[in-house]
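One chain comes next, on its own, written out as structure tokens in the form predicted alone.
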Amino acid sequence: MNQPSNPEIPPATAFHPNGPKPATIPAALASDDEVQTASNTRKRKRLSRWFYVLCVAIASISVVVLVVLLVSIGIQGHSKISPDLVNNAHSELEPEQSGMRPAVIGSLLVCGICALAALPLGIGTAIFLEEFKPTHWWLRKLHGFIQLNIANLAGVPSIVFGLLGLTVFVYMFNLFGQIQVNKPSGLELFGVQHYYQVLSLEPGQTILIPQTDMEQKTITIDRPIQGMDADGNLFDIARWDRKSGPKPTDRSERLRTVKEGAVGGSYSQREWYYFRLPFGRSFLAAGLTLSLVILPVIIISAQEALRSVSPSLREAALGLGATKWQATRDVCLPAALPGIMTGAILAIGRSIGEAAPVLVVLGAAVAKNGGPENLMDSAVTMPVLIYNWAGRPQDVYQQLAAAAIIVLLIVLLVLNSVAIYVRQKVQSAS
């Protein structure tokens, strides 16, 4: 049965392109001109093409500048690219034979410390901020305050983090004593033994005497005292003077005998795990300072990766009875791992090229021509060595600086390639 029509609604009018415009069509469409529409379309397409050309031009300029820079560095430093550059230590006496082996080792160790400190802390912070958001009003305010500060820290200049690392890690607010040269400072926890070193009658051989008083820097052998052999066994040191007769002829006896009144200086024997507070100008302090630099980047990138995980995955896990931690550990983290690793790769790549924080913490000196021997030992890094060489006027150092930049780029590319390969393997496995 047909429904009666509403008298308040006007009857629908059939639309025809060449017919009259219906009264219900907006005025802008009713007065639309086909010529004007075509003109607007051409204008939009022209603007789109111009924007595309502008983007390509900007990208091309950036690539050209990068290529010119790389070619310039390659031309200047290609003569110094050789195995000796990586195998030899830097030397001011023989700059032609100078290399950067200690700097490569130092940079890798500093970046290793940086990664070990920053990755667990950054990823854990991102999980806490993103997956365990508080519900209480005050805690939500605190959560927002922390989130805002992390976002601001990502834009702080690295030199500021260097000053922070100098205060916190190097000196620790002078809570454990100030670092002094040739003096045990702060709180030495383990990995060090202090001795006096005295010359024996055997030429070139010394006797170690355990040091009990750290304030006494020298010792005079004018009384019976015990020394220590290479195996750590104590023995009584024999004393000899001209009045007592000729020197002993037996080598083992000469190794245990010193001149009457001989003076010995203090000597510290440190193991690789030597640890003290504060850290001083050590590569450990430099690595921890660099971890502060990249920590905001890792937190933000990990948070973005966790946000990209589909909420349905979390809801499905929680619906099956999993706790929030189980859903995070077994569902969210595996899904977000590629994004987290991408942020970590970019952050570690930034840390290996940072010079300002390392200069503040370790200083600009490159006198050390070997790798670190213990956790509290200093180190030379590649950016600092390049800074030192580039500041010298001689041509040989300019060539060495250019060659060192090439090596730094190669090391960075290798590290990134390895990290990308690991990320792909993890992504395919998950």
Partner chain sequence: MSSRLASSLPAALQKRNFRSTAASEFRERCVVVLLAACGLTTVLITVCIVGMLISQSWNFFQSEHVSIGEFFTGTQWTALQSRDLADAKFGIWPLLSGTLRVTMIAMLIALPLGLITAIFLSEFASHRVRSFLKPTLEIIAGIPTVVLGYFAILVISPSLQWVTGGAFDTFNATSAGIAVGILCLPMVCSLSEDAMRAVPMALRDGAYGLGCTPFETAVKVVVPSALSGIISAFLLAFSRAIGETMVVALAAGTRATATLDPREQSQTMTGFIVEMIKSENEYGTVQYYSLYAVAITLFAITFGMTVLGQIIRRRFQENYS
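Positions refer to the first chain, counted from 1. Since the structure is predicted, the reported quantities are computational estimates derived from the model, not experimental observations. Definition used throughout: the rigid core is the maximal C-alpha set that superposes within 1.5 Å between two forms.
What comes next is about the form predicted together with the partner chain, which is not displayed.
Shown without its partner, this chain lists Leu116, Leu199, Leu234, Leu163 as candidates; in the predicted complex, only Leu163 has a non-hydrogen atom within 4.5 angstroms of the partner chain.
The partner is absent here, but in the predicted complex a heavy atom of Pro157, alone among Pro210, Gly112, Pro157, Gly261, sits within 4.5 Å of the partner chain. Look at 349-357, 222-230, 235-243, 89-97: in the predicted complex, residues with non-hydrogen atoms within 4.5 angstroms of the partner chain sit in 349-357. The closest heavy atom approach of Ala59 to the partner chain in the predicted complex falls within 4.5 Å.
Proximity of Ser48 to the partner chain in the predicted complex: non-hydrogen atoms within 4.5 Å are present. By the criterion of a heavy atom within 4.5 Å, Leu408 is counted among the residues contacting the partner chain in the predicted complex.
Residue contact with the partner chain in the predicted complex: Lys324 places a heavy atom within 4.5 Å of it. Along 75-95, one residue reaches a heavy atom to within 4.5 Å of the partner chain in the predicted complex: Gln76.
After superposition on the rigid core, the Cα of Ala419 moves by 2 Å or more between the shown form and the other one.
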